[in-house]
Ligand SMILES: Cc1ncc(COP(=O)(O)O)c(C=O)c1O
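In structure tokens, one chain follows: the form predicted alone.
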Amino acid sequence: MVLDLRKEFFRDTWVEINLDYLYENVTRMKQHLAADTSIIAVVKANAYGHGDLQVAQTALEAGATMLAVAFLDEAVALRKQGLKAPVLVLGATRPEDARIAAELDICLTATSKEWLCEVEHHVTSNSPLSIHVKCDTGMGRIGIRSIEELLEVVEILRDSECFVFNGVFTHYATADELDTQYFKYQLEKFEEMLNSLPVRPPFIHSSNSAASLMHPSSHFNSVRIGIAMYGLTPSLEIKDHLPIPLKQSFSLHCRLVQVKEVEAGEKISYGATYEASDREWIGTLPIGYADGWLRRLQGQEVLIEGRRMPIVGRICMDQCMIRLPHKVEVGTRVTLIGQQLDQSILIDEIAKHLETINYEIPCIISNRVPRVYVRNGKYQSVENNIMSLWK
């Protein structure tokens, strides 16, 4: 079936997620790792704004064996969509909600002895809860900080029939930096904690995307792949040092909804901050800061007919204006993130304009922008939260 996007949603703004690129990124990462190292695909935050179900399915097809999310709600959502693969909740979960995780075969993270003792009151041996123990080796967020507490937690897990000790992990604060001093400190601390264990669980993981790419000594038997799976570098600092190429899977597009010629001196948008210096052609795009295309992107370039043209005037809640090279037909495709002909605008460029990191950009493009999924080079499906209520 060939999808007609104009029948799938009624606004001319959409995100395209190239699942072929995502599949290739996971495959290349798998080839980069040792044969006995498994991949945990991180699909938290709706897969970094890409779509949790579609990304999860593609990552599993490419060789990932487990999924990871931030909160129990995200794990439950995956189960409700029919995914049966192992799912790990990386963040904190209320003890009283552990029963739900156990019933749905969702693995939770133990962050302290006190948390585990409280959880034991809410689960039973009839439906034991799978646990990964989080060690705080220097990130300073959540987790067990001492060998003494770790051994106490492991003893509880070993002696109780309500739990299955399935994994132990940590997270690095500076794996995406070229200075490795603090990274090595955390790795050594994690190894000390591991060496204290009387028995090691099936899954030991410490590497995020950056460590998976740059530090083979930290791979253990599992790695967590997040930002690299989506084709984005973990940081600009290590971008030129990556051992494998990555393909950005996220792109953002609009179609012109109005085109007009303005005279010299005419003003554009709120505050009248832009004034035409001569006769100019101006196009209007149906995207604005309510979609995550923030006001600070005023002046950012977009692609039309393979040419870079600037956003002029302040970005509105639902619309923004661009200067055109000449009169262009209404309905012409405009690419805000992605490629046209030999020109491209990468997420890294948008992040630089906003003075932030690339992780943030796909996450802030709101769910009122439809996601269109490309697989095998063709439009495969559309995820549209607003239209799903209507249908």
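When you see a residue number, it is the position in the sequence shown, counting from 1. No experiment lies behind these values; they were computed from the predicted model shown.
Form predicted in complex with the ligand: not shown, discussed below.
For this chain shown on its own, do Leu67, His132 and Gly167 all sit within 4.5 Å of the ligand in the predicted bound form, going by heavy atoms? Heavy-atom distance to the ligand in the predicted bound form: none of the three under 4.5 Å.
Might Arg141 be said to contact the ligand in the predicted bound form, defining contact as any heavy atom within 4.5 Å? Yes, Arg141 lies within 4.5 Å of the ligand in the predicted bound form.
Any of the heavy atoms of Asn208 lying within 4.5 Å of the ligand in the predicted bound form? Because a heavy atom of Asn208 falls inside 4.5 Å of the ligand in the predicted bound form, the answer is yes.
Mark His32 yes when one of its heavy atoms lies within 4.5 Å of a heavy atom of the ligand in the predicted bound form, and no otherwise. No, His32 is distant from the partner.
So in the predicted bound form, does any heavy atom of Val42 sit within 4.5 Å of the ligand? Output for Val42 is yes: heavy atoms within 4.5 Å of the ligand.
Taking 4.5 angstroms as the heavy atom distance cut-off, pick the stretch from 119-127, 266-274, 282-290, 218-226 that is near the ligand in the predicted bound form. Within 4.5 Å of the partner lies stretch 218-226.
Tell me, out of Met193, Leu252, Leu246, Leu90, which residue has a non-hydrogen atom within 4.5 angstroms of the ligand in the predicted bound form. Here the answer is residue option Leu90.
Counting only non-hydrogen atoms and a 4.5 Å cut-off, give the residues of 162-199 close to the ligand in the predicted bound form. The one in contact is His171.
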